[in-house]
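First, one chain by itself in structure tokens, the form predicted on its own.
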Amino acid sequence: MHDISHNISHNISHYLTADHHHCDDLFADAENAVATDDWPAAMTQFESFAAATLLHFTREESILFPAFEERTGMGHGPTAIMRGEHVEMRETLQGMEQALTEQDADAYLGLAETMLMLLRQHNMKEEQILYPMADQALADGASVMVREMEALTA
């Protein structure tokens, strides 16, 4: 039987990991639409993926990262690396959107391959390193923080 403090301490990991999975599903939907040359669906699916991904970044950058940095004093640690990777993924999203606008499947699928690699590596670092560190450092305020992140909308 789990004690309640154990469950509360993992709110941040569970919430943000579920958000990763949601973004991954939207990413796959967009790629499938491009692969079948369904450009209207591809644009709709991509817009959903991009919005969800950017919202995820905002949740981390405006709520999780500042709280983590303040609590741990690690301003140049894992959060700095994650912010840098967010910049790279934002740029890749812009390229993907441009390829969709031009209905260039090859360009889109090439960028999608890059994005998938970036996302996999990034999410793994967050899920295996940063989120568990945040769960531990921010356990006392985790449920409030999750509610704050949930309240953010695109």
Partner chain sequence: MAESGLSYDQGPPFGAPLRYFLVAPLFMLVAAGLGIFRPDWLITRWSPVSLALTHLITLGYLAMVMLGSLLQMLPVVLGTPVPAVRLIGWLGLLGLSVGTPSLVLGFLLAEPLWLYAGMWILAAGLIPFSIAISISLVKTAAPLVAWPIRQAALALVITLLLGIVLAGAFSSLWPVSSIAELTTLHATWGLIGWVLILIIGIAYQVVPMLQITRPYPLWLTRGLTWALFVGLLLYSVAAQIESMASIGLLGTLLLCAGCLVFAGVTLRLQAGRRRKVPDITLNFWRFGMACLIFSALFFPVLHWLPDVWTEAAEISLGIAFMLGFVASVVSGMLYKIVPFLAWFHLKTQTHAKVGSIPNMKQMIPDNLARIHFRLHLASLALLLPAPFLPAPVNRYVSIAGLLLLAASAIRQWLNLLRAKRLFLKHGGYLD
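Keep in mind that this is a model prediction, so the values were computed, not measured. Positions refer to the first chain, counted from 1.
Although it is not shown, the form predicted together with its partner chain is what the next lines describe.
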| remark: Contact with its partner chain in the model of the complex, heavy atom within 4.5 Å, among Asp37, Asp106, Glu102, Glu70 goes to Asp106
| message | Each of Ala18, Thr58 and Asp140 within 4.5 Å of its partner chain in the model of the complex, by any heavy atom, yes or no? | response | no
| query | Any chance Glu88 has a heavy atom within 4.5 Å of its partner chain in the model of the complex? | reply | yes
| said: I'd like to check something about Phe27: if you look in the model of the complex, is any of its heavy atoms closer than or equal to 4.5 Å to a heavy atom of its partner chain? | reply: yes
| said: Would you classify Thr92 as touching its partner chain in the model of the complex, given a 4.5 Å non-hydrogen atom cut-off? | reply: yes
| request: Mark Val146 yes when one of its heavy atoms lies within 4.5 Å of a heavy atom of its partner chain in the model of the complex, and no otherwise. | output: no
| task | Give, in sequence order, every residue of 116 to 153 that has a heavy atom within 4.5 Å of its partner chain in the model of the complex, or say none if there are no such residues. | result | Leu116, Met117, Leu118, Arg120, Gln121, His122, Met124, Lys125, Gln128, Ile129, Leu130, Met133, Gln136
